[in-house]
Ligand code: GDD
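Only one chain comes next, encoded as structure tokens, the form predicted on its own.
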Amino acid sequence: MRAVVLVGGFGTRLRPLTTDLPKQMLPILDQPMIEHVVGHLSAHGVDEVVLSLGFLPDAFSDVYPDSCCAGVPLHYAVEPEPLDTAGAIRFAAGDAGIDETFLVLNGDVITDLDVGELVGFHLASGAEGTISLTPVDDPSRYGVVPTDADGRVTGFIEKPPAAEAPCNWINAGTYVFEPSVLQRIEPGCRVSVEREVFPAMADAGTLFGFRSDCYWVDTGTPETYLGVQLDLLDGVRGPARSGVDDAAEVHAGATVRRSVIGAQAVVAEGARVCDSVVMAGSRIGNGAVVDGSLVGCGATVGPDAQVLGLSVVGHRAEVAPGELLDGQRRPEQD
């Protein structure tokens, strides 16, 4: 089984961390996000991953020059121009020569989905395409997918108002496709799989949904990107893990609680880091406080500064001594 993983987006919701780095290359604990995604696929028998690349493709090939990630061979498919989700899938599948049943994944989703069970359901149902579904409290941010008793999709409503959503089962971003799905996508054109291809397949009765309430997080926002890492520290997914890298420097008089501290990062005397991610090479100055926030690689939080309330400090950015950031981004974003 091969998988196309969509990693070509701009990651705008995570800026400034993604201004010059694809979000799938941001770390989750001590590994880039893409390694968590590919490692999960490998554990379920996927033997090649096709990366559908657009924004800053060299960020992937520079880190994996041998075209191998988490022990899985990679094929790099670089879009000549942005083609939206369906256009990207068709281009990547064609570039890799895929001509049999294959997987498609959004590369910013961390999940414990049983991929083998998903594929088995797809094959047993005779579907042309199958979407993994997950329940959420507020479906208005997602594609809502009602199904009948057999799992056949009866509609596909992209981001409906919460009061109008027919159910709370949403598109979880992992699909199984037959090659015929590719023929539904005009080559070289911007086509959305969510807004164009899936509704057409639902109308044709060839699209099925596979419901699962397993662990699932879309990491595309600061809140969820932070949350998925706190879940690993808390043991929500497997044994609880330490977030402090062996190569980090945490002074004896500093406090680190429920946080990730990357390699070569320094937490100085009297500093306090709680419920946060401090990436590699950053420095948290004497008496500074980082609480519920994200600090990028090589950033500096000056002495007695405070970074609070899901603030996001970009790579190599500086927070001045004594400065307060509360729910802000540095550099500021338009």
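This one's a predicted model, so the numbers in the text were calculated from it and none came from an experiment. Counting begins at 1, following the sequence as shown.
Only in words, not in the display: the form predicted in complex with the ligand, which the text now covers.
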query	finding
Position in contact with the ligand when the complex is considered in the predicted complex, options Asp245, Asp84, Glu178, Asp231, heavy atoms within 4.5 Å	Asp84
Residue among Glu158, Glu117, Asp203, Glu223 with a heavy atom within 4.5 Å of the ligand in the predicted complex	Glu158
Proximity to the ligand in the predicted complex (heavy atom, within 4.5 Å), stretch among 213-221, 68-76, 246-254, 231-239	213-221
is_contact(Val277, the ligand) in the predicted complex, heavy atom dist at most 4.5 Å	no
Contact test in the predicted complex: Pro16 vs the ligand, heavy atoms, 4.5 Å	no
Contact of Leu207 with the ligand in the predicted complex (heavy atom, 4.5 Å)	no
Residue contact check: Glu194 to the ligand in the predicted complex, 4.5 Å heavy atom	yes
Contacts with the ligand in the predicted complex, stretch 1-36 (heavy atom within 4.5 Å)	Leu6, Val7, Gly8, Gly9, Arg13, Lys23, Gln24
